[in-house]
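Here you get one chain, nothing else, as structure tokens; it is the form predicted on its own.
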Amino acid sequence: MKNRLHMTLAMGVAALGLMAGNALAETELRMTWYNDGIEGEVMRGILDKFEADNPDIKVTLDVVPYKAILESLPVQLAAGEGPDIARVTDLGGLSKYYMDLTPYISDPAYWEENFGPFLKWLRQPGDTSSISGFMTQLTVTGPYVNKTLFEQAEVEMPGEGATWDDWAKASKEVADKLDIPIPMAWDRSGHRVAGPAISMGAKMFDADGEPALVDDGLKLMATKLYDWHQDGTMAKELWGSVSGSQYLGANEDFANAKVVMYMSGSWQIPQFADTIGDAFDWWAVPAPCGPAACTGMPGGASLVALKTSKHPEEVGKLMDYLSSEEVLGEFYGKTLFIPGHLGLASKGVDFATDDPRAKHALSTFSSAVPSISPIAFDLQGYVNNRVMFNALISRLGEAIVGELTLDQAFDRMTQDVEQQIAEKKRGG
């Protein structure tokens, strides 16, 4: 009897140990994420539902500043470290670190059908089949204006087909009349400058498809930016407050009504709906025109699986869930993001807003997609586009603050692109 009791107790202890072992066997996935607005909160809510349905998988959402995505994450990945999944914007530049999800997802054809045009942005040259992630949003660059200030100043907003010169002049007039400190602000970003440069005739590539950043079109746009910083249309203290290729946005200044016109992009919609609300009419306007086009840059953020993950099957399961039409429709609707999913773009997304300014902005940016220049799409998909963007903004910034002449800046841009691409080809 005593032996049977001991055996029963032993079996019970073993069972408890097995249960504890199973609990400890839970797989943890780490997702590196940055926020433009409320999307981190939305994603966390979706991940909570996934964890409830999959108690053996825990997903930790590590929210970091956008600067860390641009600067720290590439260093981690180059060192063979990093998360399982990350939200990135340097889509082609980091592609060598992406995992091919094809063996770990349930229906690759679904991904090809709904994300096909954007999957190539995540692929290395020569790769025509890998599936590494999906767009958390499709973005389009373009300007916002403080429509209320235009009305108060009794200055008419430029209409369809207006040029950058038209908008710069009108914004300066509003600022002078109302004593607004910054007539026009742009994100300090090569990506933001590229669309207007293409509108001015920049080709970005030569006849052989090789990068050719500096040409007459780019010089024309860069010279305008330089002149606007000298005559007070743009504030030197914004771009001049950082150096190199560092990104700097002016979203807070715009939200505080210190800027008449702000060149940024569609990703600001949810943030402005939250931070500005109805304090003033923040109005998205079509991309101003140049002699070659009226285009912004396409882009966006993609959620990608990374080779550093030791749990590819669990990553595939999570990515299947997040990319499903139902879940992604919820994400786009709550975040007010332009869908990067063809099925949802066709059916339409039920955006969770009654804000007429947000609805107008969503419509403005969505309707801009068909007019985006093919050069802009090619540049966004180019694996070394970050090299071009960084050379453009760092050297133009040096000219604006007086460290280089414009001609010197153009020469340095060309040298930077050639040297850095050569280093990449050597494996540097």
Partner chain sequence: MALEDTTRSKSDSGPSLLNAIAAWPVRVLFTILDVPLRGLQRLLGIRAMPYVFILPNLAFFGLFVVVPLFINFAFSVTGGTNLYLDDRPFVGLEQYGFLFDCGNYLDPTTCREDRFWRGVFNTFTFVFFQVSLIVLFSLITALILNREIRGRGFFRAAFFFPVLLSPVVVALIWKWILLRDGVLNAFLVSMGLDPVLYFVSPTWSMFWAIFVSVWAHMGFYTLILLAGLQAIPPDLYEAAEMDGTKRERVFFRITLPLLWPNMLVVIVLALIKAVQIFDEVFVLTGGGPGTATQFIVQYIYTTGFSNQVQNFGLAAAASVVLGVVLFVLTLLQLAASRRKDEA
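Numbering follows the first chain given and starts at 1. Only a predicted model underlies this, so the values are computations on that prediction, with no experimental measurement involved.
Another form exists, predicted together with its partner chain; not displayed. Remarks below refer to it.
- Contact check for I372: no non-hydrogen atom falls within 4.5 Å of its partner chain in the predicted complex.
- N390 belongs to the set of residues with a heavy atom inside 4.5 Å of its partner chain in the predicted complex.
- Put simply, Q246 is close to its partner chain in the predicted complex: some heavy atom of it is within 4.5 Å.
- In the predicted complex, its partner chain lies farther than 4.5 Å from every heavy atom of L406.
- Residues of just one listed stretch (260 to 268, 69 to 77, 197 to 205, 337 to 345) have heavy atoms within 4.5 Å of its partner chain in the predicted complex: 69 to 77.
- Exactly one listed residue, out of P211, G329, P83, G240, brings a non-hydrogen atom to within 4.5 Å of its partner chain in the predicted complex: G240.
- Proximity to its partner chain in the predicted complex, defined as a heavy atom within 4.5 Å, singles out one entry of K96, K120, K169, K177, which is K96.
- Looking at 159 to 183, the residues that come within 4.5 Å of its partner chain in the predicted complex, counting any heavy atom, are P181, I182.
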